[in-house]
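Take a look at this one chain, the form predicted on its own, written out in structure tokens.
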């Protein structure tokens, strides 16, 4: 049986440093869909234990009011990852983000330790979900096997900084250096029926370029974007939430196809556009997104 939160709305995932209690005590006020409580890059090497301590108490004591709590663990090439997993599970994190994932085997290793921790701390087996960050050329090339690696896996996310270093280039702002990885990851995610998120955009002084990038990755098929600042949330939600016009049109398509299918009619017109059964799945997805965003109330 599918975990009830595996397909939840995840337009925005905002990184927060676990070292800074002021950042992680009430981020739900910003309205992001998910928060990523970071134990990896944002935390200094000699502060990993204190960050885990803060994380555990935040997970146990703070009511995040429905915001998904994702924790980015340290990579499997570090001495920190096993204790990261134990603390995440003991605290009741919703999802663990596996850093520097390169293969299905990486996911399997984490999954085994998550299951052991669930048993150790009395959490329901299978309750802790996983996502995989692809940060290297090898990881991107293995995207499909990663996406198919585990029933716990909700999806994959691109980490553009590490990926471009491995590609021996830099983030240019044009997106050309990320184009191949982005499309390959989306295709793999769609083939495996999991979600896919784009990398962060760090130039906070150029919101126009940020919006342009968000609209581009939405068109490419991504489910959302990793974020570094609350100012970015509104733009991402605006782009990834269906408009009123799109909702009305999708509702018409679903109703018309349901009605015409019962009458044996395969092709018909909706608002002057020729429609057939091929439009049905996309229309239903639009309505599900709208419902998850709280702007559509009909049963699907």
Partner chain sequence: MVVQKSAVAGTLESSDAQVTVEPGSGTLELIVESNVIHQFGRQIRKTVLDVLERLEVTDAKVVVVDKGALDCTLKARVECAVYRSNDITETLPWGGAIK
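Only a predicted model underlies this, so the values are computations on that prediction, with no experimental measurement involved. Positions refer to the first chain, counted from 1.
The same protein also exists as the form predicted together with the partner chain; that form is not shown, yet it is the one meant from here on.
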Only one of 49, 234, 41, 251 comes within 4.5 Å of the partner chain in the predicted complex by heavy atoms, so just point that one out.
-> 49
Counting non-hydrogen atoms within 4.5 angstroms of the partner chain in the predicted complex, say which of 83, 177, 118, 166 makes the cut.
-> 83
Non-hydrogen atom contact residue 282 with the partner chain in the predicted complex at 4.5 angstroms | no
Spell out, yes or no, whether the shortest heavy atom distance between residue 255 and the partner chain in the predicted complex is within 4.5 Å.
-> no
Are any of the heavy atoms in residue 53 no more than 4.5 Å from a heavy atom of the partner chain in the predicted complex?
-> yes
Does residue 90 reach the partner chain in the predicted complex if we count a contact as any heavy atom within 4.5 Å?
-> yes
Report the stretch among 61-69, 264-272, 242-250, 33-41 that approaches the partner chain in the predicted complex to within 4.5 Å, counting heavy atoms only.
-> 61-69
